[in-house]
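Below you will find one chain, with nothing else, as structure tokens; this is the form predicted alone, and questions on how it binds or moves follow later.
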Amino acid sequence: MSGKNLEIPGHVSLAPGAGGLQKVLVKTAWSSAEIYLHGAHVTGFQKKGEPPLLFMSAASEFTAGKPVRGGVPVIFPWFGAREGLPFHAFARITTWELKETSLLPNGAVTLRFILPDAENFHAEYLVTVAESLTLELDVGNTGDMDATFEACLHTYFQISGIDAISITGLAGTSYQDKVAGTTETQTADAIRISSEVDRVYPDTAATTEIEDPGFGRKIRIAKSGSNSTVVWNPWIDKSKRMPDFGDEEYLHMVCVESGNVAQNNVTLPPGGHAVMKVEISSERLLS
């Protein structure tokens, strides 16, 4: 458990969260945020006067050893399934240590988390809360041989309705359609979702945007050090099969994930490190 000495009056406080797990509450002049030590999981970010930017399932479990459904799960050091090992790896189900909190001169708040016991890796996670939400995953190789990993910030966004939104920034990019089991090219300027979507767009560092007329806003996902983008919505049947997800919650969420997965995995030499940075911001749509 992280100590009260990390609290910053009026800006950072520690509190018991759901399931008895510890969480950190952050307030700034522009926004508020909530981060659980379990998974270093950002479960909330909301600008004043706006709906939440992040979606959280009402059915999510807050239990040691299990992932949280919604917010920003940290996927590391592998993405997807590995036989006999946790799906999407262990970082999202491990309690991270909150090492440092800082109030910056501009009024932003930064929190620094450390992932314990990551064999051959040292992983730090910086969360900066301001008018935007900035997430930085810094991975170093502490071993004496090359080490390869995958990482992804599996971000769930709150939307007014899945039939109203469009996602831009990926036109002309090929993608692996994991529902159809095919490789396709994104020909349309905007992605519109009307069925289950599970796509990995490799070799793209592009900024993506979610235009949401229902909420009158555009969400921008800008990134560096990330060469993969994943777009996911479980739709009807998969939603019903997931015990920690409401049957109709697919209508109000979409995942646009930034990472380095599959062919974009990262190999570090001994002593090497890599930083992936994502900035999530929003602006009002012009009427």
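We number the residues from 1 along the sequence you see. Computed from a prediction, not measured in an experiment: that's the story for all the values here.
A second form of this protein, the form predicted together with a small molecule, is not displayed here; the remarks below concern that form.
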(message) If we define contact as a non-hydrogen atom of the residue within 4.5 angstroms of the partner, is residue 79 a contact of the small molecule in the predicted complex?
(response) yes
(message) Under a 4.5 Å heavy atom criterion, is residue 66 part of the interface with the small molecule in the predicted complex?
(response) no
(request) Would you check, heavy atoms only and a 4.5 Å threshold, whether residue 36 touches the small molecule in the predicted complex? (result) no
(message) Residue-level contact is defined here as any heavy atom of the residue lying within 4.5 Å of the small molecule in the predicted complex; does residue 27 satisfy this criterion?
(response) no
(message) Which residue, 131, 100, 198, 211, is the contact with the small molecule in the predicted complex, using a 4.5 Å heavy atom cutoff?
(response) 198
(message) Please pick out the stretch from 154 to 162, 183 to 191, 120 to 128, 139 to 147 that is in contact with the small molecule in the predicted complex, where contact means heavy atoms within 4.5 Å.
(response) 154 to 162
(request) Spell it out for me: taking the small molecule in the predicted complex, does every residue among 87, 178 and 238 have a heavy atom no farther than 4.5 Å from it? (result) yes
